[in-house]
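In structure tokens, one chain follows: the form predicted alone.
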Amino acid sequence: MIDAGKLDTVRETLAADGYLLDVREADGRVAVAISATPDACEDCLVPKPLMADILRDALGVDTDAIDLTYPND
């Protein structure tokens, strides 16, 4: 079970740049979708590998267990 509190900092940082974070856990995997609002800063979103590392630390799971989707995926 994911502790939503651990994601607060990531969620707040993304929100400041105009992005939304949706996290769902199922069958030992974590699906993370980042979506852009109309005010999103295109240059502010870090590359996916770096975001996967950030999420790994926040979620406490291996990056291999994270299915990460970016706005243009």
Partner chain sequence: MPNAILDPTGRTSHRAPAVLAKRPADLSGAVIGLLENTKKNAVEFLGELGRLLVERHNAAGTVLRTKTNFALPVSDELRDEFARDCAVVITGVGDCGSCSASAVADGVTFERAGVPAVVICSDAFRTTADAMAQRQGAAGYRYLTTPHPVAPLAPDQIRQRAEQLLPQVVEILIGQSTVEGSA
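Because the structure is predicted, anything quoted here is derived from the model rather than measured. Positions refer to the first chain, counted from 1.
Keep in mind the form predicted together with its partner chain is missing from the figure; the text below concerns it.
Heavy atoms of L45 reach within 4.5 Å of its partner chain in the predicted bound form, making it an interface residue. In the predicted bound form, its partner chain sits within 4.5 Å of a heavy atom of V10. Taking the partner from the other structure, its partner chain in the predicted bound form has a heavy atom within 4.5 Å of a heavy atom of I54.
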